[in-house]
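A single chain, nothing else alongside it, follows as structure tokens in the form predicted alone.
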């Protein structure tokens, strides 16, 4: 038996997020699609990826680019057909790739048949599929709950004389997950895609799923200040992270567990002390509640080391960790920390204990793209302008080649391309041994070759200021990862055979000695075999 066979694929593998609008366009309409993803599957195997997570591809009016679903069990025509999806899934499996879908149980589109029926009459059978409430005595919203995208979370429906609740856009009414019929209907959605052969789900905004049944006002946020998103004026005590959500997750897990070797990943932007509950009291919850702490962290060795220490200490027995550096809602890592530090970040992501999730294009060093006001597509930026909340900059097209439109489309791309796409792209970087793409590929190959770096134990080390270092061990294999977060060289008091360095054009010594310096923003992996 292989020494890795005791671990699930989602423990030893690496997940790659595809934002379908921007990955690859096969038909020239400027929007990525399923056939485009299918045409690029061998890129994932070349790179060394194990699983592809595709953001929503279901029928939608696209008020929020697919997170407003009007049919959970079909494919939006912009992306293709169910037959296209089945072909993509079959090809992915043939190449040894897993495929993970987005699952959005918190809300639907306001054009979903359920909501069209619900808003038609207070007596309609689907009325209780959503959250309705009478107005306050003054005729205004029932309470102070705020939308993530700005303004009140309550929308008035004059036809039936009540408000409905929407945590996001008014076109995204929240489902009433306290209704057993809603829960059953959404569990059937999981079964539909599991029967087609998908390998798991990333559950959108899972901590929003249950709301306070007494509709109490959220308390004011004492830390709110000008410049913060408006919805942060209140603490979301009664609209997120309600205790009842864990029973709903257990129901989802029970369905998924009927199918072998599947995974449930959850999006919950929570501190560790609250996030750990999403594993379930007996690990019957999510396999991987997303750990987003690196996305918001100050890029300092002491901060990153403290995050890792707290995370490891917080994990319930038997729970598996995970790490995320970027996604479709946050600024890209190269824009947050700079090009040199982005190489260091690659080493951090792919050597830390747990499952890494890689956002498309980060392996190229893609950066946020400035979006002119007339080209803004993101509803958050349109609703709350001027605060830099827009997510378009990190959603721009994948850069495949120096050709027109970076090889993404032969049409007009839905968002503008980066100015540097002629240099920062797959085709150019594949041939450059010093590119960040080559670094990612080398790291992924090393991680796959050495079980210690994939599933090994973790132990933090103290090796000096501005240095975050840790040991990974599995069986007789032992590695030390040393990361210099400083802008200057730093001496490192350790020894070992140098296996890999993140530095560009670094003439590597065969081994480190106590006097060997690390270059600015350099990460090295040392073997002690």
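Numbering follows the first chain given and starts at 1. Source: prediction; values computed, not measured.
This next part talks about the form predicted together with a small molecule, which is not shown.
**OP:** Report the stretch among 235-243, 425-433, 158-166, 389-397 that approaches the small molecule in the model of the complex to within 4.5 Å, counting heavy atoms only.
**Re:** Selected stretch: 389-397.
Original post:
Can you pick the one in 251, 110, 204, 76 that has a heavy atom within 4.5 Å of the small molecule in the model of the complex?
Top reply: That would be 204.
Original post:
Just one of 172, 409, 352, 291 has a heavy atom within 4.5 angstroms of the small molecule in the model of the complex, so which one?
Top reply: By the 4.5 Å criterion, the partner-contacting residue is 172.
**OP:** Run the contact test on 64, 67 and 329 with a 4.5 Å heavy atom cut-off to the small molecule in the model of the complex and return yes or no.
**Re:** Checked in the model of the complex: all three residues contact the small molecule.
**OP:** Answer for residue 267 alone: is it within 4.5 Å of the small molecule in the model of the complex, judged on heavy atom distances?
**Re:** Answer yes; at least one heavy atom of residue 267 falls within 4.5 Å of the small molecule in the model of the complex.
Original post:
According to a 4.5 angstroms non-hydrogen atom cut-off, is residue 149 in contact with the small molecule in the model of the complex?
Top reply: Although the small molecule is absent here, residue 149 would touch it in the model of the complex, with heavy atoms inside 4.5 Å.
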